[in-house]
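In the block that follows, a single chain appears as structure tokens, in the form predicted on its own.
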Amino acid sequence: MTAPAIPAPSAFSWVPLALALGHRSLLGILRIPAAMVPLVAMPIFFLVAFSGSFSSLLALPSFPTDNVVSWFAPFAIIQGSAFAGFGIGFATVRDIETGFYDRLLLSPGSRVALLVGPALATVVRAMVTATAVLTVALVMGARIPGGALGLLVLFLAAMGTAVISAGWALGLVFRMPNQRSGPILQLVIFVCTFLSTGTVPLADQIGWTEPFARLNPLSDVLALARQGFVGEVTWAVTWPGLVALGGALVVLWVWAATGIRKLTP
């Protein structure tokens, strides 16, 4: 008698596990609703605070809109999407410290699922945040001259930012699998968001912040997200944002993929 042949694993055999991990991450929010509060409350707080504190920006001759809420709404959404990404990092640290991640690493199959699952959950979290912030912004009087296309590029930028932030967070916690990685996660994201065109247009920045904002890829992502709120959507503004998103996705998910190899159960 011959032993029955064991079928080779499918190229997509990791998909069910990735979906299960994404679902598990989202269930964590339902079980602990307070975990979702920072993802929604903080961006809304920044939207309200900045719209009031920086209303004098309207006096700048080069300011691209007469509605300060329209200027800050995309910034708050992009910032909230970044929070969604590093929230996945915190969740992964908890799984590593409790030993749950060791069981995942010892299980047969591709480790691709351990990267794709959190990315899927991050996108869902970012969409919840973006929808909540956008709703508040519209109530506050934000306008979207770019119409449906303006909303499309906004949500594209938000999803891309969330996945990029998740790649950065996972890459770091795989290398520093404890709570000490938390401050570093937050610090880098805050530096990237505030040393950009998030608050002040590039043409009106002076001093040492201007070169940082000019070289910061997030400035192009913000321009991509913001264009429908300050005017019409154009390819000249869209393609640099898409390039910035694509480049950051490649770099930071290579960072995450190489980091997971450093974990040993």
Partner chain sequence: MAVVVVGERDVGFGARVALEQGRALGLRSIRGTLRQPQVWLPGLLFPIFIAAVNTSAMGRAVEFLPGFDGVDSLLDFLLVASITQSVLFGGLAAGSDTATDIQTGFFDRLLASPVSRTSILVGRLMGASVTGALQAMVFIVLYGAFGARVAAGVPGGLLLIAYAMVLALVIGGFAAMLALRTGSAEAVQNMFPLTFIVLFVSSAFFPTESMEGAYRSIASYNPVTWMVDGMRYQVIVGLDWSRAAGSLLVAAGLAALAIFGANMALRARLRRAT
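Remember, it's a predicted structure, so these values are computed and weren't measured experimentally. Numbering follows the first chain given and starts at 1.
Although it is not shown, the form predicted in complex with the partner chain is what the next lines describe.
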Against the partner chain in the predicted bound form, would S55 count as a contact residue? Criterion: heavy atoms within 4.5 Å.
yes
How about T238 - does it come within 4.5 Å of the partner chain in the predicted bound form, if we only consider non-hydrogen atoms?
no
Heavy atom of L26 within 4.5 Å of the partner chain in the predicted bound form
no
Against the partner chain in the predicted bound form, would I144 count as a contact residue? Criterion: heavy atoms within 4.5 Å.
no
Using heavy atoms only and a 4.5 Å cut-off, decide whether all three of A121, V243 and V254 touch the partner chain in the predicted bound form.
no
So which bits of 43-82 sit within 4.5 Å of the partner chain in the predicted bound form, heavy atoms only?
F45, F46, V48, A49, F50, G52, S53, F54, S55, S56, L57, A59, L60, P61
